[in-house]
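The chain below stands alone and is given as structure tokens, in the form predicted on its own.
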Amino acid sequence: MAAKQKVLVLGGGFAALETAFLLRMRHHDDVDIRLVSDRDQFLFRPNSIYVPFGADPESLLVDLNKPLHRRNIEFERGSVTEVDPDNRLVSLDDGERFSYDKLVIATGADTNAAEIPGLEEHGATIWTTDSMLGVRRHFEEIRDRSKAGERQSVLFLVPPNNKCSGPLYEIVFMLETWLRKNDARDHVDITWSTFEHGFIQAFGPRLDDLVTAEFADRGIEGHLEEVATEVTADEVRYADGSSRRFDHLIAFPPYVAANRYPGLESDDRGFVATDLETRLATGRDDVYVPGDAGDFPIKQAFLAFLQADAVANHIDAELRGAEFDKPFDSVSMCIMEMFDKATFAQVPVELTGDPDRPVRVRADADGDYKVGTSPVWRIGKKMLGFSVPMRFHAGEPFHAGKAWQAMDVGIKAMSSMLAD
């Protein structure tokens, strides 16, 4: 009998778990799957936007030990120190080494506030739950001082090298609504400053129009094409010599790869070069890079799911000797929380090759480019926040099976009525 194929998955986030659980669903025990992660808990990062407003960070965590054991997926807790693709070996910090037939690198992205001098010292940033707790402290101070009649200025900042800052857009809208509900809005000046050419640039003109209108309705001052170069104790300085002052600075720092792999072709930020459709690392036929560790510019959970699906489909086709016919199709889907309502967006995007504007809405998107705003979409946001952790807790892929089919039907029904 032929030896079982050994699939080694690096990471513990959306792309890693989706790939591992989907392969197990498809092949049962016909494939050996091992997952390596430096943590034994999955963090549902999209819901970390609620932490500044009181959510418990512990509520965002899913213990991985039980679901991985249930699905007969070997789990190794440790940090990767080396990937040797020529010899198909991965080394960990405890000295262990693992061989593989197929390697899935899904170690994700990180942020690097130090790229903007002064940002770490003088700004609150979003990314980790700890940093979100820091944002919470700022928001509570803003609320309390405003209610005491003291004027406060809050500056939200998107610096260069952050191509997908959607969570910060959510937080600025959530803050404005939260302040109004707490009778603390009147004494707070909210300003938005981004290097982008359009608001939520990656998702095209309809999202730019929507954000522009929301900013106007909510009294938020928005500014485009402002390239931050330095932060001091009370102002952000820009490449054109201008500056903006603040009492509180909330920023989404530049993205970098969480891990770098010298043996694989990567860009200057550490993101591995990949084939778009298969997510294979450039020049390799046995190394896949789904999710944020790869060079696809938009770092987003739903796109990570789609990329993981493509990886599992490609491995599945090879194992069965079948044709690969389910490539990664870059159609983003997201729900942007605002606390008083939410915005649904379905955006088919394509790569441009232009580093300044790396993605754009497909010219032939037609009716597949959908945007809609309604309080009802908050229900959809809550459903996603419940269903993804539930599926992973059960050791099941999110984007497959009857549960996803039912949710997909519901989303399509809602979008047909509440988005166009």
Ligand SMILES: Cc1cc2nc3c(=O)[nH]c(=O)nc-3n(C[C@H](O)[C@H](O)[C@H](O)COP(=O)(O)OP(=O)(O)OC[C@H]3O[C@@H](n4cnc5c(N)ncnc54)[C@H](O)[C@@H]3O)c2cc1C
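When you see a residue number, it is the position in the sequence shown, counting from 1. This one's a predicted model, so the numbers in the text were calculated from it and none came from an experiment.
Missing here is the form predicted together with the ligand; even so, the following discussion is about that form.
**Q** Sort through 72-80, 233-241, 309-317, 275-283 and report the only stretch with a non-hydrogen atom within 4.5 Å of the ligand in the model of the complex.
**A** Among the listed stretches, the partner-contacting one is 72-80.
**Q** Which residue among G198, P348, P167, P85 has a heavy atom within 4.5 angstroms of the ligand in the model of the complex?
**A** Exactly one residue meets the criterion: P167.
**Q** Just give me the single entry in F252, F246, F139, F328 that has a non-hydrogen atom within 4.5 angstroms of the ligand in the model of the complex.
**A** Going through each option in turn, the one that passes is F252.
**Q** So, in the model of the complex, is F14 in contact with the ligand at a 4.5 angstroms heavy atom limit?
**A** Output for F14 is yes: heavy atoms within 4.5 Å of the ligand.
**Q** Does any heavy atom of D38 come within 4.5 Å of a heavy atom of the ligand in the model of the complex?
**A** Yes - in the model of the complex, heavy atoms of D38 and the ligand come within 4.5 Å of each other.
**Q** Would I49 sit within 4.5 Å of the ligand in the model of the complex, counting heavy atoms only?
**A** Close contact exists here: in the model of the complex, I49 approaches the ligand to within 4.5 Å, heavy atoms only.
**Q** Is there a non-hydrogen atom of P159 within 4.5 angstroms of a non-hydrogen atom of the ligand in the model of the complex?
**A** Contact with the ligand, no.
**Q** With the distance limit set at 4.5 angstroms and only heavy atoms considered, check whether T191, T212 and F339 all reach the ligand in the model of the complex.
**A** No, none of T191, T212 and F339 comes within 4.5 Å of the ligand in the model of the complex.
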